[in-house]
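Given next, in structure tokens, is a single chain: the form predicted on its own.
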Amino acid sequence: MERRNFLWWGGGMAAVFSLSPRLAIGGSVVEIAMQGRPDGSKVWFDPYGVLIQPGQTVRWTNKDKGNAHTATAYALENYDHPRRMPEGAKPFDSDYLLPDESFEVTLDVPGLYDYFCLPHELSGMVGRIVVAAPEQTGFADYPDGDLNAEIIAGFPAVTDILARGSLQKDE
């Protein structure tokens, strides 16, 4: 390798590593698709578990041609559901999204954000976002008992999200 190419390559790599961790992870907007089988027999968020950094934006887009969906945070303000988001975080609710419609929210407070689709919560259409700064630890799952067991079973484990960054369900 010529010296000039070596220096150019080295400078480029230094620029890449000097980017903020958020940009290095993959951009400031994280996409979550609302999916469903054509016959409506199964619906889900894809991914249903994701790790982001404080200040990142999450965008849900309804990719299911056969259903309307919501992305609704677990909070008393949202249909009297138990709060399953960090103290100080503002609850969100997309309202009904028709196919190809989107909703965005920027999450600034570190912690766990559990959310659901209003018409499909009991069908297991729930998701979890972990908002964490690099090297941040100490996240604990919410205690069982505030939701029924079928809904609780739909959430991915916090440790799996932290280990893999993004989790998808098998269709």
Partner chain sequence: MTRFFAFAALALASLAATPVLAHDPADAVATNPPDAPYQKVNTLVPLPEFLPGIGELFVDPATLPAGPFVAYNHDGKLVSTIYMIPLSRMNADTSFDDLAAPGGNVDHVDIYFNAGHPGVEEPHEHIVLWHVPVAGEASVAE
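Residue numbers count along the first chain shown, from 1. Because the structure is predicted, anything quoted here is derived from the model rather than measured.
Same protein, other form: the form predicted in complex with its partner chain, not shown, and the subject of what follows.
Distance criterion of 4.5 Å from any heavy atom to its partner chain in the predicted bound form singles out Leu122 from the list Ala140, Val109, Ala133, Leu122.
Gln53 falls outside the set of residues with a heavy atom inside 4.5 Å of its partner chain in the predicted bound form. A residue is said to contact a partner when one of its heavy atoms sits within 4.5 Å of a partner heavy atom; Val43 meets this definition for its partner chain in the predicted bound form. Contact check for Leu118: a heavy atom falls within 4.5 Å of its partner chain in the predicted bound form. Among heavy atoms of Pro99, some come within 4.5 Å of its partner chain in the predicted bound form. In sequence order, Lys65, Gly66, Asn67, Ala68 are the residues of 53 to 69 having a heavy atom within 4.5 Å of its partner chain in the predicted bound form; the partner itself is omitted from this view.
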